[in-house]
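Shown below, as structure tokens, is a lone chain in the form predicted on its own; questions about how it binds or moves come after it.
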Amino acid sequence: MIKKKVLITGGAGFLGSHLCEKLLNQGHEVVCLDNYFTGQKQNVVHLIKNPFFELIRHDVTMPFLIEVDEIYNLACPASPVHYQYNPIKTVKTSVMGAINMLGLAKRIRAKVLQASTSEVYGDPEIHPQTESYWGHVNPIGPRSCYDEGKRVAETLFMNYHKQNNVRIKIIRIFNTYGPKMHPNDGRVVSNFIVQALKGEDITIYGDGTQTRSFCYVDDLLEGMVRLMNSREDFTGPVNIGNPGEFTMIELAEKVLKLTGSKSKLVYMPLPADDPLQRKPDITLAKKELGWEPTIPLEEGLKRTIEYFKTII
């Protein structure tokens, strides 16, 4: 194995902190960049004693200079609660962050991976979603700061690749869950688990028949690292997610069963532009990366519930 020096933006966040651990365990040197808007120092504090780990407080909307072999650009608030709190900042993080990391990659000839999202498909009119689908996004809705920010970032990555020969990879991440999720991030898995463990009512938006596909964090990261290491001429975008599809009611019932909670289900109005269906077509990931998820929802939920028990 060749030891690489890797920069991870958003490295103290949910996915970023797991990725820091994974790459350190593989023997690489890791530089973690985060401004702690949604990332938390406690996610990576146990890594600070590792001589091959470096933690830097920095905002990706500002240029950053460093010599590395690879860049994983994960910096951006990813849950609706956080990205709608300051929508202008969210757009800036997606767009300026992409420009700054692509500019860095161009100068130092590094390979750079963009963490894009299934949100680029919006509220999809085709199901499941393939990478060739262009999406159905409201450009002026409450979610557009994130959806359109990520879409522009993909555009920038493709243009830097075609115009400047920057080596790029684009991953479209579908709903991911696991330990180190922020308890107040408003995502459905963390919401349900926190409410169940506290014995509070479980809030379901809409009638609960809308579906999501949930990928456990370890599976997702395996796909991400395989994409970074894939053949040079394969840029993506590639969907990484679990094609198993569950309604919100099914998810709530699983969480109740696994926590032994007596919480009741309560129904609230559906937020604006909330997609009714989400399910990745992972044919391309199987073909190009030899990747598919291995951890079933129930197993992943058990591990996630154990984590939340330690912080609640």
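Numbers for residues come from their place in the sequence shown, where the first is 1. If you're wondering where the values come from, they're calculated on a predicted model, not measured in any experiment.
Note that the form predicted in complex with a small molecule isn't included here; everything after this is about it.
- Picking from 282 to 290, 58 to 66, 257 to 265, 23 to 31 the stretch near the small molecule in the model of the complex, with a 4.5 Å limit on heavy atoms, gives 58 to 66.
- This chain is displayed alone, yet in the model of the complex one of 106, 187, 226, 161 has a heavy atom within 4.5 Å of the small molecule; that residue is 187.
- The small molecule is not shown here, and in the model of the complex it never comes within 4.5 Å of any heavy atom of residue 301.
- The closest non-hydrogen atom of residue 36 lies within 4.5 Å of the small molecule in the model of the complex.
- Contact between residue 236 and the small molecule in the model of the complex is not found at the 4.5 Å heavy atom cutoff.
- In the model of the complex, the small molecule sits within 4.5 Å of a heavy atom of residue 89.
- Candidate site formed by 74, 77 and 115: every one of these residues places a non-hydrogen atom within 4.5 angstroms of the small molecule in the model of the complex.
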